[in-house]
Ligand SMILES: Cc1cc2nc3c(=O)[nH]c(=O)nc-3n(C[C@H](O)[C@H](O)[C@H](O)COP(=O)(O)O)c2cc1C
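Below, in structure tokens: the form predicted on its own, a single chain.
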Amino acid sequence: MKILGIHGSPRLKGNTRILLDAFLKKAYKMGAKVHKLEVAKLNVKPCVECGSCEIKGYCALDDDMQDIYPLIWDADLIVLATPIFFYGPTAQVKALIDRSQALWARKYRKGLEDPGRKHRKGIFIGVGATKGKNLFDGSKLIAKYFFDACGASYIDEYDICVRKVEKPGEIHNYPEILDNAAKKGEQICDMYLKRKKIVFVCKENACRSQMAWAFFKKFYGNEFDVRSAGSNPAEEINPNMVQAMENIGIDMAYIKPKSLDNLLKEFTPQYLVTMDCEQECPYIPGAKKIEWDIEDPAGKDMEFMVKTRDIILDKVKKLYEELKDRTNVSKNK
């Protein structure tokens, strides 16, 4: 499980940070991989409404946001945490939210859907100094549409909203609130960490394993924690593969080839699906190894890439049925 925590306060060690950390630390202890963004430290320019994302599908501004887009789409859970300024989020985090228009455009203008959209979740953490009844309404509405742009379902029952806390560190006076944040971190992780783990591997992680990962994540990401990697990863994914997947509405933007060796330092799969990398793929204790005989489409034309894509889709569906049947047999023993 991967969690992206977005800390939107300009006060780097304030109450919002303490509350977010209570949630993330519990998730980390349970086994989640956590990445926290300190937005106040980042160079995220405000949206200039140039229209580039609407036309090209990508934001034209060159800043730290370009590194944030792939983090958003790589996450299973996005936690947006902000103090409340004038009944809304801080300017720092609002700039990041506005720049998510590029992700919105890929879905609603380009008609593309990233593989994790159906299973990604989002929750909101807010800290306000006053006691107003509607103190969090504006920020939660913004969070709702931000999560939609990010391809995340907003699960507001996990929201953590705290009133009448302002002085630095004051939230330590309310240990029950911090305990509640940790409890919610535990509860939501429990939903994800029960999934079985599977990794798809080919030599370069530029075509075949990426397509298998995308299909399996899109259709079965609620039951499986799905990864892909390469025994000798390329620098970039294959553009023909990207186009072949876009032709059926699956968005492969922001994806980079990953090293299998690096992946195995943090991820222990129960199933290892390999494609022509037998000599280079390591032995993984406890992992069921499955070999797919699929010719490498690198260097071949688009027609061959499309055929490879369709072969992989068929294999993914059959693999899921096999693993599902195997699980049911195991449960009935």
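Numbers follow the displayed sequence, beginning with 1. Please read these numbers as outputs of a predicted model, since none were measured by experiment.
What comes next is about the form predicted together with the named molecule, which is not displayed.
Enquirer: Counting any non-hydrogen atom inside 4.5 Å, which residue from 87, 108, 219, 174 sits next to the named molecule in the model of the complex?
Expert: By the 4.5 Å heavy-atom cutoff, the listed residue in contact is 87.
Enquirer: Select from the listed residues 127, 201, 143, 93 the one whose heavy atoms reach within 4.5 Å of the named molecule in the model of the complex.
Expert: Spelling it out, the residue with a heavy atom inside the cut-off is 127.
Enquirer: Do all of 9, 14 and 83 end up near the named molecule in the model of the complex, with near meaning a heavy atom within 4.5 Å?
Expert: Yes, the whole trio is in contact, each within 4.5 Å by some heavy atom.
Enquirer: Please determine whether residue 223 contacts the named molecule in the model of the complex, using a 4.5 Å cut-off between heavy atoms.
Expert: No, residue 223 is distant from the partner.
Enquirer: Residue 165 versus the named molecule, in the model of the complex: is there a non-hydrogen atom within 4.5 Å?
Expert: It does: once the named molecule is placed as it appears in the model of the complex, residue 165 has a heavy atom within 4.5 Å of it.
Enquirer: Is it the case that residue 135, even though its partner is missing from this view, gets within 4.5 Å of the named molecule in the model of the complex, heavy atoms only?
Expert: Yes - in the model of the complex, heavy atoms of residue 135 and the named molecule come within 4.5 Å of each other.
Enquirer: Looking at 187 to 195, 144 to 152, 243 to 251, 127 to 135, which one sits within 4.5 Å of the named molecule in the model of the complex if you count heavy atoms only?
Expert: Flagged stretch: 127 to 135.
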